[in-house]
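Taking the form predicted alone, here's one chain by itself in structure tokens.
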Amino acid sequence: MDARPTEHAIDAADAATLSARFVQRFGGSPRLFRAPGRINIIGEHTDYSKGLALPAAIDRACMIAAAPNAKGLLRLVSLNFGEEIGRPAATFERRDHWSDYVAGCVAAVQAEGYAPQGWDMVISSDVPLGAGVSSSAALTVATSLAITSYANEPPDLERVRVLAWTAESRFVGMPCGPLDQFASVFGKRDHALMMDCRSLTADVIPLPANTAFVLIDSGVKHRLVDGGYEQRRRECEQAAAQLGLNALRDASAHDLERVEPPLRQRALHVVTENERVMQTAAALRAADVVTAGALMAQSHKSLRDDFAVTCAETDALAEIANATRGVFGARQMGGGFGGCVIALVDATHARDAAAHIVGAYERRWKIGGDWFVCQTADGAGEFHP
């Protein structure tokens, strides 16, 4: 993350640079597609239990300059990693490499019966890696949008979401729920999405004026493909099975007496987090930021004590943030085991609050905590300079 906050990740100048790099390497005239990262205000580890969440797209994004080629190859240039990768467009195998996310999208399209198609892509992103803001979803959504836009006018955004989710969950092997891709596709500026992960629908929730979100990176990187995320998901499924339910969305706090520890604690987080999502959405509609912030702090406590996905560093960040002037509430965000803390803040004090939090964190842990202030943004689309 940048230590200096920014308001826009990608602008016309960035798009022109990306397009020029494409022409220099591949020739032709590419089209440009962008997909944002996302925050999740509250509602963590509820999506794969068919529960509720409150995500929003942010003004950090992945952009792809893309065009089909007749060479039967995926020719991928990453400006972030400074490398070019070539892969066959007709056969796919996972390589445990960033290009898997792109290959997975192409494989998902071809699984629908489409003939193999080569693609040239130049990719740039300023969605921070490993910080819980869905850099991978931004990449798969942007890729899926690019591929489908060449075949459909206008593209089917729900199909884009499904292709992106299929690439990440089936090809890459990350057992994610639908939240990340949904927010990246359907986000709306100045709003959050109260998402029902069973029906895959959302109510649009206006965000109070003069608020912003500060994200502070703990410096502890997670890699959810081989981390504890899958274990937590399995535990939620086991808890639901003990109750005879398809998903913990249908459980009540009273039901949990029949679940054995530690599955009971995992289920308790999901049940209470769903309640916190509804309460937070109501608070934001009423511009009651104090209540919304208190619910975020409660969410962190539940993630720490019941779901056991925080770490000492993110616990410290949340504690510091929740005691900082101008912060209404803060919690760990993302899959867990590191990553970042999100804080709902008074926009007037956002930079001062972030500087105070990072300074206190660095003094305690001797880790530089990068940060940025973000606003909510519209979801994925084709970029027209």
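Residues carry their position along the shown sequence, with the first being 1. Keep in mind the model is a prediction, meaning the values are calculated, not measured.
What follows is about the form predicted together with a small molecule, which we do not show.
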Considering the small molecule in the predicted complex, find the one stretch among 353 to 361, 45 to 53, 23 to 31, 320 to 328 with heavy atoms no farther than 4.5 Å from it.
45 to 53
Consider residue 338 of the chain shown here, and say whether it contacts the small molecule in the predicted complex, taking contact as heavy atoms within 4.5 Å.
no
Taking heavy atoms and a 4.5 Å cut-off, does residue 92 contact the small molecule in the predicted complex?
no
In the predicted complex, is there a heavy atom of the small molecule that lies within 4.5 Å of any heavy atom of residue 177, even though the partner is absent here?
yes
Residue 186 versus the small molecule, in the predicted complex: is there a non-hydrogen atom within 4.5 Å?
no
Judged by heavy atoms and a 4.5 Å cut-off, are 60, 182 and 379 together in contact with the small molecule in the predicted complex?
no
Interface residue in the predicted complex among 213, 119, 171, 229, criterion: non-hydrogen atom within 4.5 angstroms of the small molecule:
229
